[in-house]
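Here you get one chain, nothing else, as structure tokens; it is the form predicted on its own.
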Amino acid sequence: MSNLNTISDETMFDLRHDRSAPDLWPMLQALYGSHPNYAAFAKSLIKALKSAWKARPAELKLLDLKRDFEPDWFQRAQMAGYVFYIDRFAGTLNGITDKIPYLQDLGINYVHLMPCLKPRPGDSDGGYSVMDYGAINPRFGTMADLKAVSGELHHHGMSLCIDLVLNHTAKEHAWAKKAAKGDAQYQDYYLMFDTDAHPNAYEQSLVEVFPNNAPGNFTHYPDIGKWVWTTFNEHQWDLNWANPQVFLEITKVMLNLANHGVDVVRLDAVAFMWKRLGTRCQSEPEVHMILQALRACSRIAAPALIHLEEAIVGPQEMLPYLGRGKHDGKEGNLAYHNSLMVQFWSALATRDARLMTHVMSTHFPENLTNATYATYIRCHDDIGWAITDEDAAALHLSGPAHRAYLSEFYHGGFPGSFAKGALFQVNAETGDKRISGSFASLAGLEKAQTETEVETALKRINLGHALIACFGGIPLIYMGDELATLNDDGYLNQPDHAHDSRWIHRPMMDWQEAEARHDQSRPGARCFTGLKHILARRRATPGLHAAHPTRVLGCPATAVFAVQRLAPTGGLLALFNFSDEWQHIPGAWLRANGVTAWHDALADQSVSLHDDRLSLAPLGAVWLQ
């Protein structure tokens, strides 16, 4: 046996391969075992893993070892994330370094750079139409710059997340160009058909993602005589994940990013990766096999890397991305808690938390294995009202009517609505109306006319941030939300953006407002101070570690959402008032649900009962210990 002081890279690789082999090879055998080139593929994959491990910088191998000893590093209460577009936040990759003190002031230690790999020119779906996985968008910098930024972030105790699009490439990608020229090897990288027979058959059960500007799921190219699967846009060609060579190529890309210091890969559009006739071609079983195998590859050649799987789907469809059944603890480390976001906005519009309580308590387990949620209130994307007819019916609501109400409310057209948003991708056939808009504008700040209305809007923002900070997982703050940034209609004047209302909540970072963040006469500064306090209290509350169970309770006050965090060394009961009126919670109910110390960990002060009732302020929140 090797001396522990001189253990070789080869031995370390073998140990890590042995650890993850049971998670890798059975998946690949099931996916590709019948493929005629499987044996050659398996040899090439081992070679690629060894090559990536050999090329891994020493400081990252040390980080691998550290995270082997601290596998819960991403679940700790100290974690808080910030999400931004590089050009809109810092101009270039190198410009991020100068912004680190600002992020530290807020309490951020996880930084997600929105799409930064080289996109196609012109409309690129916000950067998600990638033409080169091995290069950075030249407007932002180079791969060397990415490595330098990751090193600087690591030096300041911050982790780096970037996007890796798995479902498709830009039609300008080198693989696609070779396919378009008739190269059969690369045509097999995509889903291409000689006639419309198969596309028409598939279309019978598919849904349209962008019905307004990209109807259908296939594009005919007369010049190459092919129909190409294009789920999202004509310029985004779906990859053929039934071809093992695609798995090999993407694994190499993923490990190259890891070796440039990336800590988290956000795997984009994963639900769509596997196609099966007669289905929606979303979340098929093979998708989870692929994702488990990719994670196993990471654990072998870059163990410090974790996976955030982007699947904006219903609860029962989302949970498998964090590992269920045979994939439990072996698939994604993080997944967006889309339902928590949707239910926040629903409860805010109705001033009633009962639907939220039903969905959160019925569909989500109290804890997860080696995984947690990425919790958020707003992101770069639109809001789709993922509320099923069945869940609505459980509260004696009509699903279609409730979804329509939410769209009208947050568009701003419903009488008495405080919100101002924009419609996105209205589907006349299904009645689906998604919503764009910044957190602050949807929460009422843009419409506010009086100081009281301004303060009420800020309370709604604080309520959302307090919720995602304590629910369980990593809270993610979208750029500008900490400063209560409003909608920006300027996108309508930009040809590449005008067709996509999501750009209304993707403005340039207001650094003038950021510099004035300590001037409490400004709403943006009061918003920043509120969030900074929430994140500080989160860090000071170890019971919020994501591995501790999250239990949703039905509260006697129907406007209040109640969450228990069941930490063995001292949990808490968090209460969130979604109404504009005071709510009174019986002391007996609080004591029955574990409250023994009448201390609010969020405000860091004692609380008092009056007539054995806790009075919770309008749009207020408490974390009772």
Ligand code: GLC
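Please read all numbers here as calculations on a predicted model, not as lab measurements. In case it trips you up, residue 1 is the first one in the sequence shown, and so on.
Another form exists, predicted together with alpha-D-glucopyranose (GLC); not displayed. Remarks below refer to it.
In the predicted complex, alpha-D-glucopyranose (GLC) sits within 4.5 Å of a heavy atom of residue 310. Using a 4.5 angstroms threshold between heavy atoms, residue 210 counts as touching alpha-D-glucopyranose (GLC) in the predicted complex.
Not displayed here, alpha-D-glucopyranose (GLC) is approached by residue 168 to within 4.5 Å at the level of heavy atoms in the predicted complex. Remark: residue 352 does not count among the residues lining alpha-D-glucopyranose (GLC) in the predicted complex, judged by a heavy atom distance of 4.5 Å or less. Stretch 377-385 is the contacting one of 191-199, 72-80, 377-385, 392-400, since its residues have non-hydrogen atoms within 4.5 Å of alpha-D-glucopyranose (GLC) in the predicted complex. Checked against alpha-D-glucopyranose (GLC) in the predicted complex, the candidates 411, 506, 330, 526 yield a single residue with a heavy atom inside 4.5 Å, and that residue is 506. 266 is the sole member of 460, 266, 420, 252 with a non-hydrogen atom lying within 4.5 angstroms of alpha-D-glucopyranose (GLC) in the predicted complex.
If you take 525-552 and check each residue for a heavy atom within 4.5 Å of alpha-D-glucopyranose (GLC) in the predicted complex, you get nothing at all.
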